[in-house]
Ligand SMILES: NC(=O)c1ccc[n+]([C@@H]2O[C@H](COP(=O)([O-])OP(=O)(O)OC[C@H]3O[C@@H](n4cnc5c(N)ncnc54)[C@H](OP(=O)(O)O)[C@@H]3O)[C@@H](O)[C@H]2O)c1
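Take a look at this single chain in structure tokens; it is the form predicted alone.
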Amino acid sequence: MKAWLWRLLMNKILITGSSRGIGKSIKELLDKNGYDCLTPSREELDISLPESIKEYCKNIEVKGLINCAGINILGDLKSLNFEDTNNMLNSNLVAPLFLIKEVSSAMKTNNYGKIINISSIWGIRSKEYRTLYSMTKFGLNGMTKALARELGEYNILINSIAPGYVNTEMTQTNIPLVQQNDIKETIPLRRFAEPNEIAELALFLISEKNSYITGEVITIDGGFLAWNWQ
């Protein structure tokens, strides 16, 4: 199929981690804009298992991939263990890599593709108790840049979105309310982002409007990193 015709007819986007938070907002916004979102359940696609990734992806052909699934286990160095480390690495770093590997095959053939990795400001700088999370997000950003170089000749654009504090279930679970209020005072906009604000950026990057942005880690944090150097 000619690449221009494939782009016109194929509007499928694979999104992982779409059941809540940022992933859910991205899925809802893409639905409203006419995209056909594939949002497999864990029974259909278990991202912790390489064979599940390979099996699921061999039956699909997508125009775009958004890696949003991830976990965040907080802890100091003393509390770290192999199980948590492996879970974090597999969910946040290894799974996105092998999903990209599988779906990019058809993208190369069709000379077109858009890939977004949902990263974090903690993949740009870090702080105590976020060792594992930062390991994976720094790695994800490095992966984005390396693959942008490798896949660019096939007109496959890949970027990372690095949100700051977002009003999600994960935020509410990991940060006590009093601490949330303190953090807001360190953000120039004095509030957390709403998930739909991250979704709007994802919509642009996955759309035809983005024709030349690739290999970037785009921060969306209300100015937190620009101002806060604690």
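Quick note: we count residues from 1 along the sequence shown, nothing fancier. Predicted model only: the values in this text are computed from it and were never measured.
The discussion below concerns the form predicted together with the ligand, not included here.
Participant: Quick one: in the predicted bound form, does every one of 112, 210 and 217 get a heavy atom within 4.5 Å of the ligand?
Facilitator: Contact check failed for every one of 112, 210 and 217.
Participant: Heavy atom within 4.5 Å of the ligand in the predicted bound form: which of 196, 186, 48, 180 fits that? Just give me the one.
Facilitator: Of the listed residues, the single hit is 48.
Participant: Using heavy atoms only and a 4.5 Å cut-off, determine which of 29, 60, 170, 201 is in contact with the ligand in the predicted bound form.
Facilitator: The residue from 29, 60, 170, 201 that makes the contact is 170.
Participant: Please determine, with the chain shown alone, which of 152-160, 133-141, 100-108, 77-85 has non-hydrogen atoms within 4.5 Å of the ligand in the predicted bound form.
Facilitator: Checking each option against the 4.5 Å cut-off leaves 133-141.
Participant: How about residue 69 - does it come within 4.5 Å of the ligand in the predicted bound form, if we only consider non-hydrogen atoms?
Facilitator: Result yes; residue 69 sits at the interface with the ligand in the predicted bound form.
Participant: Could you tell me if residue 20 has a non-hydrogen atom within 4.5 Å of the ligand in the predicted bound form?
Facilitator: Yes.
Participant: Using the partner position in the predicted bound form, report whether residue 56 sits within 4.5 Å of the ligand, counting heavy atoms only.
Facilitator: Output for residue 56 is no: heavy atoms all beyond 4.5 Å of the ligand.
Participant: With the partner left out of view, is residue 191 within 4.5 angstroms of the ligand in the predicted bound form by any non-hydrogen atom?
Facilitator: Residue 191: no contact with the ligand in the predicted bound form.
Participant: Using a 4.5 Å cut-off on heavy atoms, what residues in 109-128 are near the ligand in the predicted bound form?
Facilitator: 118, 119, 120, in sequence order.
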